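Next comes just one chain, in structure tokens: the form predicted on its own.
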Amino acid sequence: MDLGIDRIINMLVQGVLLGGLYVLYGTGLSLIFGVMRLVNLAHGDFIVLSAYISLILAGFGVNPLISIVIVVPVMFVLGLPLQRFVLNRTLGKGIMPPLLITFGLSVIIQNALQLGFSADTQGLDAGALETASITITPSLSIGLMPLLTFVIAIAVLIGLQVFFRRTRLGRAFRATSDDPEAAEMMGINSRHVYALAMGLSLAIVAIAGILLGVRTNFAPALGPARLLLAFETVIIGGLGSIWGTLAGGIILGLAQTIGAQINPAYFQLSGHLVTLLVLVFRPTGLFAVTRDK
């Protein structure tokens, strides 16, 4: 395989930009695990649900990118009762109850979407932005949509960093994550914090779902595949690590892009192999958050 330097650079750039979408997939999952040690098996289905909500709004003439300002609050509000009245009841009862509940949610969401929209694939139309690109050299061009996705991913991570470090509520999140019992003694309602954390996670999911729908087709059964990508992103970066999620998404995107360059059939396989290597040699991930007990 003979690759010129421009093609190599183009391949690496596209891999990094692809990683931006994976960062958005993984951030909400990592956030929930970091705050309450909960693995949400319906995470991918909420991504797809967000895309369908944007699709409904598109039927009323709302541009998908504009619909973010509507879908994000809707998903945030959805997360509050989901955590407060359903998932909070499973916390402290072992690992299985939350997994079973979120698995059940996954099945319900998939079947409800299939009943409402059929199993056909759908897409979101963002207009000329979808195909617009910036040409750097004859062999190197950067699509505006992937670039915008990457910029949004970075903005989300910076926003979370500022939120956790500079706000009172963010410090409550950190305190609850470190020691829920001590946080309760300081007057922090951990159950309320968990509900807000789920709402924040689904707000990020909403952004990921809309950008997914603009970049590619989606269908009701696509959720588990998005969940797998989110898992691989946070496994590589380290569960609970916000900036580790950035590294994980970029590494996964690069692995898939390089694998596809060797053989298109290796696109998914190469990402799985990289995840496997990380699990073998560093099971906690590259930037895992650890806590002393």
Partner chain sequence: MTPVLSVQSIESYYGQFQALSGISIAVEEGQTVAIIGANGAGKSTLMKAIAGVHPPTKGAIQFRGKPISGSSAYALVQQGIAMVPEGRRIFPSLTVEDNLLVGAYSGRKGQWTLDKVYELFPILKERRKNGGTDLSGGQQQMVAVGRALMSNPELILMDEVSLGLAPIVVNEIYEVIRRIAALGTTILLVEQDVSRGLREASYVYCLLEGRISLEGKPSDLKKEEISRAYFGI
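As the structure is a computational prediction, the values presented were derived from the model and not from experiment. Positions refer to the first chain, counted from 1.
Below, we refer to the form predicted in complex with the partner chain, which is not included among the displayed structures.
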Practice task
Using heavy atoms only and a 4.5 Å cut-off, determine which of V151, L100, I108, M186 is in contact with the partner chain in the predicted complex.
Solution key: M186
Exercise for the section: Name the single residue among V77, L115, I95, A182 that comes within 4.5 Å of the partner chain in the predicted complex, judging by heavy atoms. Expected result: A182
Exercise for the section: Considering the partner chain in the predicted complex, find the one stretch among 68 to 76, 174 to 182, 197 to 205, 151 to 159 with heavy atoms no farther than 4.5 Å from it. Expected result: 174 to 182
Problem - in the predicted complex, I136 touching the partner chain (heavy atom, 4.5 Å) - result: no
